[in-house]
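First, one chain by itself: the form predicted on its own, in structure tokens.
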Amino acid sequence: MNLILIGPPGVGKGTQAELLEKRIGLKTLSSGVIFRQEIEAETDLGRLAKRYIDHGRLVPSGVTIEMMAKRIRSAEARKNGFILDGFPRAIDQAVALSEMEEDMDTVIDAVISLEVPDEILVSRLSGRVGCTKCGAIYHMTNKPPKRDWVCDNCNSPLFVRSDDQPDAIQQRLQIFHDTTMPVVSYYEGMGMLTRVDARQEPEKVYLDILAAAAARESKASQ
């Protein structure tokens, strides 16, 4: 099973990808996590990405497409299926992904649009902190770490990301509406999209995603 999770910042894509990976073995391919790894390693790609991410802007599509194509081709991703989180974020990326599918003889089984009103997203993002090393995300109210400002996974310090500052949050949401919402319409027009209310408890959102994916797989096999 290969899935795309689409949604604005703070909607819970990372939480759902983690559940899907732990429970059914799908490999999460998160553009944000991969870029953070490149930034930590101080590669050319990482330094380029950091300049955009620090200002709440999207990394150029050409860089993102090349990066994601490499991960999608990996044996680990192709073994049990994968989840795309943060890609595609623009129409040109969606078109490039379709070309990848043909080249690699693979298919996207379902596209899930996780949806939450902007005012709730602002509240969620305002309390969010991230790990400086592994990229794990916490919320100081809804999902606090066990120890203050220390990651549960790797014991590294936590920090408030520059793109989770108030001005950057508004800019990120505007970019999503301008750039990524057309991707939602693109996949809806192809009959691949299911909309899921992400205001629900994470477990209910997870079950809705599984139900949507199963329905798409059943329809495709008919």
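Just count from 1 along the sequence shown to find any residue number. Just so you know, these numbers come straight off a predicted model, no measurement behind them. So that the term is clear: the rigid core is the largest set of C-alpha atoms that superpose within 1.5 Å between two forms.
The same protein has a further form, the form predicted together with a small molecule, not shown here; the description that follows concerns it.
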(request) Select from the listed residues Ser31, Thr28, Gln37, Thr194 the one whose heavy atoms reach within 4.5 Å of the small molecule in the model of the complex. (result) Ser31
(request) Answer with one of Leu58, Ala69, Val184, Leu45: the residue that has a non-hydrogen atom within 4.5 Å of the small molecule in the model of the complex. (result) Leu58
(request) Determine whether any heavy atom of Phe82 comes within 4.5 Å of a heavy atom of the small molecule in the model of the complex, and answer yes or no. (result) no
(message) Check Cys151 for me: does it contact the small molecule in the model of the complex (non-hydrogen atoms, 4.5 angstroms)?
(response) no
(request) Although the small molecule is absent from this view, report whether Asn142 comes within 4.5 Å of it in the model of the complex, heavy atoms only. (result) yes
(message) Is Ser113 near the small molecule? Define near as a heavy atom within 4.5 Å, in the model of the complex.
(response) no
(request) Could you check whether the CA atom of Phe159 moves 2 Å or more between this form and the one not shown, using the rigid core for the fit? (result) yes
(request) Taking the shown form as the reference, report whether the CA atoms of Arg47 and Gly135 lie closer or farther apart in the model of the complex; the distance changes by 3 angstroms or more. (result) farther
(request) Relative to what we see here, could you say if Lys22 and Ala136 have their Cα atoms closer or farther apart in the model of the complex, with a change of 3 Å or more? (result) closer
